[in-house]
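Below you'll find only one chain, the form predicted on its own, shown as structure tokens.
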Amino acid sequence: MAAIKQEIEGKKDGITNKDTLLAVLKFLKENNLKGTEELLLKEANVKDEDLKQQDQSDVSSALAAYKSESDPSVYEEYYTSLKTFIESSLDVHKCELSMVLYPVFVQMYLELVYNNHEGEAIAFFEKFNKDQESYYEEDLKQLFTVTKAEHMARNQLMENFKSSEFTLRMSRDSYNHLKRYLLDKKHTVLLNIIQEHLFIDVYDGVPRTKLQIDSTAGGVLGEARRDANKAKVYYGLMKEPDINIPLDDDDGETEGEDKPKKKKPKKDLLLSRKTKNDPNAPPMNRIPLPEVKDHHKLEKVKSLKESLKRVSVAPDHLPSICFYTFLNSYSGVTSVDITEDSSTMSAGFSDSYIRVFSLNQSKLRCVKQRDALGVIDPLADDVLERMMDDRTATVYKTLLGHSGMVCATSFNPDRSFMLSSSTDGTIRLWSTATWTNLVCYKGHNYPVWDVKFGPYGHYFVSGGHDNTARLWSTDHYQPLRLFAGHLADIDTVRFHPNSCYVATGSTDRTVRLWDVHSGSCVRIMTGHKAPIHTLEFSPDGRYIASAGVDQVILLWDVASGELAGQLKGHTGTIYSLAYSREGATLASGACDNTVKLWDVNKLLDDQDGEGITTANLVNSTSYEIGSYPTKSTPVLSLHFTRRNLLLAAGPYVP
């Protein structure tokens, strides 16, 4: 845009003294200042034929160049001129050019307010706010609360527009079309706004259609810049540690000798698949990971055994769904989390309580007192079982420590610890052996909306109202990394399956991917039209699904940062997403009281390696393979068990 300004300034310098003089004479004549006009004609030696030959459009142009930028009338005039130009453009350019209207409208309104033209600012807003896209409606409502200069210091949206550039992507043909208009009209106010507050990311290619633009538009500050997604992302899974424990237990199946022989190659294939070197995986030493202990290996063996009995989910073979409903939850269920082995469920409540429930026949127990532990043989095979006190066994435990609403809970992989976050601004670490609070982490200044353990435990990530996400480890009471870049609350956080990246979803309608090693943002993904409330990585780490208030699920390619798919069907805010264990099916739960299943494999196969197409966007409802309504229960949590049974949970709302 600097080039445009230089060209316009050059043309301004080219306005001759004669043109300026004729413009002043025209002004004197229109205002009936005959004496001054005659005196100027005499001193400047201007002839009558010069006045007659002067084209009226040139005089108007010269006058416009000398209009005061503080004159409020020019804002409406320039905006109307820009709007007329876009509406008269060819259809192939109109969609891309129309993206300029919203940021120009906002900046013009803010300039009018800043220059104390309150009446003109309100009139300008009321005249043109209906022209903006519907997904900016909430932002415009917030913007209209700023009608005086002193209001500007307390408005988050205004601060975002003043401190950052609005990004929009435009083909070179459309950009040149806009450039010619600006050079021709020489609208100084409009030029300054475009140069100082807009970043036009020009690409070579065919102009995008309205459908394609809408699929990536909607962020508070427009679309993501292409250069923001250039960094390499190691999205592959790291090699699993060697497990030297044989899988020779066939769970008591003794019918015939052929069945065990058929199962053995399956086990070997499964184990070898988990230990292959992925070319897209990060180096093993990229981030320090906790040591794999014997009980971790035993848990891994148990998981592999169960996975042998897994049933693949497909359109012709849908999963069974087990729904847990919280009845009489007058204190308000705010969050639900289920352990990886599906044995335990935690729920956070608005009255600051946390309740943990057993989902199997085993009750929840506490560790014995110190005196009783002293007589237990530490080398016994069942030492962990002997440490538990059966007298404390109950079907659920209640935890109290927060002083505000509990926003999220999260179990570590081996279920030994649980995290919780709250509106009191703290994160608490709980022991599931003693059911007591071990650590209170303080770092966020405002409510912490979400917290999540990493896939290896040890590390966890949090996000909150202070627009930041923070990386922690259980053995440090201060955060290890601070991820700053979002323009509004971070509502949801997730670890990548390889633990090297963290994804965040925000009220600013963007999804960001952060590198745990460097702390930098390596992906910015725009396309949502409302706050994002849930994220979920595919099991292979290649894709991430996001959803929220706009009732649409967007599927992103982590490798490129591009939109890979769009799924529509819900009629309420989507609060939960879950991939089946093999990654072929995506489940979604929303406050429209339904659980829906989507065929992700078919969605990706339809792209044919060309990325998302218009057909994908138009047929975004055709990938739904199942819809299961509840009576009156919004779905807060979804979880696939190791055998692909789908667990869901939510509070009954009469």
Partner chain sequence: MAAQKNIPKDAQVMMAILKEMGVTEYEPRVINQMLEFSYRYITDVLDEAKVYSSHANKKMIDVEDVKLAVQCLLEHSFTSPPPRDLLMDLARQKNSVPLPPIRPYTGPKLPPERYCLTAANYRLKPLRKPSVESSAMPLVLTSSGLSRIGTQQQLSGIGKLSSHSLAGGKLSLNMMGRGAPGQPTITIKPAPTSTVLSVPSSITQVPIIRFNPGQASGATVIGGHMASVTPKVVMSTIITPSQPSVSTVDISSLKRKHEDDDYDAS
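Residue numbers count along the first chain shown, from 1. All values derive from a computational prediction rather than experimental measurement.
If you look for the form predicted together with the partner chain, you will not find it shown, but the lines that follow are about it.
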Candidate site Thr145, His458 and Gly519: all three near the partner chain in the model of the complex by heavy atom within 4.5 Å:
yes
Out of 154-162, 107-115, 407-415, 540-548, where are the residues with a heavy atom within 4.5 Å of the partner chain in the model of the complex?
154-162
Within 4.5 Å, heavy atoms only: does Gly561 come near the partner chain in the model of the complex?
no
Answer for Gln361 alone: is it within 4.5 Å of the partner chain in the model of the complex, judged on heavy atom distances?
no
Indicate whether Tyr441 is a 4.5 Å heavy atom neighbour of the partner chain in the model of the complex.
yes
Contact of Tyr203 with the partner chain in the model of the complex (heavy atom, 4.5 Å)
no
Consider the chain as shown here, without its partner, and state which of Leu384, Ala372, Leu480, Leu308 has a heavy atom within 4.5 Å of the partner chain in the model of the complex.
Leu480
Can you work out which of Thr573, Thr344, Thr167, Thr474 has a heavy atom no more than 4.5 Å from the partner chain in the model of the complex?
Thr474
Which of the residues spanning 408-430 lie within 4.5 Å of the partner chain in the model of the complex, based on heavy atoms?
Phe417, Arg428, Leu429
